[in-house]
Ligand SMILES: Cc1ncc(COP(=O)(O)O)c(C=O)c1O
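Given next, in structure tokens, is a single chain: the form predicted alone.
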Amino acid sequence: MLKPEKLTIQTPIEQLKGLKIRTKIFVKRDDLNGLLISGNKARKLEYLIADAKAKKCDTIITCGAIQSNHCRTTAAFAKYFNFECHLLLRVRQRPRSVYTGNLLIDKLLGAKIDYITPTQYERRMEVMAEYAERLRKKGRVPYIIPEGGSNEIGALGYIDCMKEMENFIRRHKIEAIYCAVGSGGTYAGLLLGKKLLNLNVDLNGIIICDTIEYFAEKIYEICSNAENRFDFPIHVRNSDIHLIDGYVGEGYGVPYPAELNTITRIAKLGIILEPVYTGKTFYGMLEDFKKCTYKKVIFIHTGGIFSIFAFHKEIAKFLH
């Protein structure tokens, strides 16, 4: 098994108090696993960077949206481990020279940024492969990290997360775990961990873009690849994957009133959510409680605090 390049710390599980609902919500604070590396992507990158080092690479290439948490975290890891970092960011038009949120941090960390169109992003792995070939001709040794760090290597990070939660889940009789699904790797890792540890807990993934069909196929593929590559003594079936739709809104990174209202409501309880992942997921979880009878759940806080600054106008309308 690949040994991770550890930068993160073990994150706490805290009870969220003050919502006045029947279900007890505990929050796995993966937003507290560091500063520039805060959020779920760091767990994946600890393994992906280890693989890049093992392959003697000197350059990291990855992709994401303009406010990608993954790209910001990759830029921070690359700086720490002395890799050159290239980010291919999806935009409809080239941004002005006024940078904010994660993009500002990308620039401060010295990442080399290329902007690509939504059409190019649809074939992002091919585009990154072509980009890597150009770098090879210049003498670099590139390592491509997929969107969100979501492959069988990145998923190992969320097996680790499930191991951190195992005793808490058993001791507190946790009935369900909720997480955002934006590239599939976090859910896949949690599912692999659940199967490996034989935990009797529902795993509910709330999709924040694309479709259930797309993510069901992708998560199954990641799990299958992990089982084969690492000789895991388990078999994930399609029926093990439980995804929830209805909270995407108009699309990825497009906030809507019910979500923004949830963000401002939960902030008053001391937890900061953001409009791309955690805001939609938390709102979707609260709505799902109306159909379920869970007494105790864990919400995986996947971070993303820097991106809220790119949505300050939208959020301000819901501040009271």
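One-based numbering along the sequence shown. Predicted model, so just to flag it, every value in this text is computed and none were measured.
Quick note: we don't show the form predicted in complex with the named molecule, though the next part is all about it.
Residue contact check for Glu259: none of its heavy atoms lie within 4.5 Å of the named molecule in the predicted complex. Taking the partner from the other structure, the named molecule in the predicted complex has a heavy atom within 4.5 Å of a heavy atom of Asn69. Although the partner is absent here, Arg43 lies well away from the named molecule in the predicted complex, with no heavy atom inside 4.5 Å.
Within 4.5 Å of some heavy atom of the named molecule in the predicted complex lies at least one heavy atom of Tyr277. In plain terms, the part of the chain that comes close to the named molecule in the predicted complex, with a heavy atom within 4.5 Å, is 174 to 182 out of 174 to 182, 242 to 250, 111 to 119, 193 to 201. Of the residues in 286 to 314, those that come within 4.5 Å of the named molecule in the predicted complex through at least one heavy atom are, in sequence order, Thr302, Gly303, Gly304.
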